[in-house]
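As a starting point, one isolated chain is supplied in structure tokens, in the form predicted on its own.
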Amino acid sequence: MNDMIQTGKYLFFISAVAGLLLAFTEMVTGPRIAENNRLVLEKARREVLPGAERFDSLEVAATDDAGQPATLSISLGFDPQGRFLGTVQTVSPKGYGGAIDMVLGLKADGAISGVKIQSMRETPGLGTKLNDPEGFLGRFLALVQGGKPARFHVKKDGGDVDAITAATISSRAFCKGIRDGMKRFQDNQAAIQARAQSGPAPTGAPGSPTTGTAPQPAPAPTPTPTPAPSPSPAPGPEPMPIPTPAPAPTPVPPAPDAVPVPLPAPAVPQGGTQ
């Protein structure tokens, strides 16, 4: 019984330490991973919508795969002069191995300007050929850039897209993502055009871009430093008064020697001596 308790304490301690380490790792690496994902998405937006330097976000109402109401985001791309070039959105159709995350760029008139696959879990060597620029993806881009209307279904379903051999499910999912993105653009075309006519939102305003190159703010004027008042000297002990020497007495010249005055001789009585 004691052995079981000791083993339980040991396992609890190991699990607690492992949980703390995982939480600390997530706290340290989470912001860095989010920033890297943002930079990757920004690069993909620029690739699928050439010429765009700034993207504004527009929230639109939609429905998810289960038919439930959802809010999705469409990015409006503008060139450096503020001209509207088109939209970029992320679609995630379900393929053979899971969701296929795609970034779809549409021009201002709704034509496809580019598409890029960000991630997928399709079968290696089969479904992963969706991202082959010399194979499936290259042929698809050549089809949309040919100037002719195309039906975005595989040829087995009456469309114009060549499916990958032995990867029809993945090919169909790719085409569905394209159709979903184009339908979302058409359903919200009025809101997109209204936002495009108002131009890019100012930096920091609601709906301002979180990615792309934003105009740099003007440098703030350098404040003129106000001279600090000179510190008043701390009061010290009062200075002792310096005694003023008394003036020296004026010497009095000695009086001249007195001239002796002769005393009168005693009077001699008349008649002789008695």
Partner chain sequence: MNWKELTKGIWAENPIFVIMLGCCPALAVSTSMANAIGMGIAATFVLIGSNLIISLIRAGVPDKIRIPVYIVVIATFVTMVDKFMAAFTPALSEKLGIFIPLIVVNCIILGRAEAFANKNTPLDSILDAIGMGLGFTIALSLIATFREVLGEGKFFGIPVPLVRNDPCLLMIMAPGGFFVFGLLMAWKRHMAAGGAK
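Here the structure is a predicted model, which means the values were calculated and not measured. Between two forms, the rigid core is the largest collection of C-alphas that superpose within 1.5 Å. Residue numbers count along the first chain shown, from 1.
There is another form of this protein, the form predicted in complex with its partner chain, and it is not shown here; the text below is about that form.
With the partner removed from view, the residue among M120, I192, L85, I178 that has a non-hydrogen atom within 4.5 Å of its partner chain in the predicted complex turns out to be M120.
Comment: its partner chain is not present in this chain, but in the predicted complex one of G158, G125, P133, G147 has a heavy atom within 4.5 Å of it, namely G125.
With its partner chain omitted here, the record of contacts in the predicted complex names 161-169 of 85-93, 72-80, 161-169, 137-145, defined by a heavy atom within 4.5 Å. At the 4.5 Å threshold, heavy atoms of R184 stay clear of its partner chain in the predicted complex, well away from it.
At the 4.5 Å threshold, heavy atoms of I33 reach its partner chain in the predicted complex. In the predicted complex, at least one heavy atom of E26 sits within 4.5 Å of a heavy atom of its partner chain. The shortest heavy atom separation between K107 and its partner chain in the predicted complex exceeds 4.5 Å.
Superposition on the rigid core between this form and the one not shown places the CA atom of G30 2 Å or more away from its counterpart.
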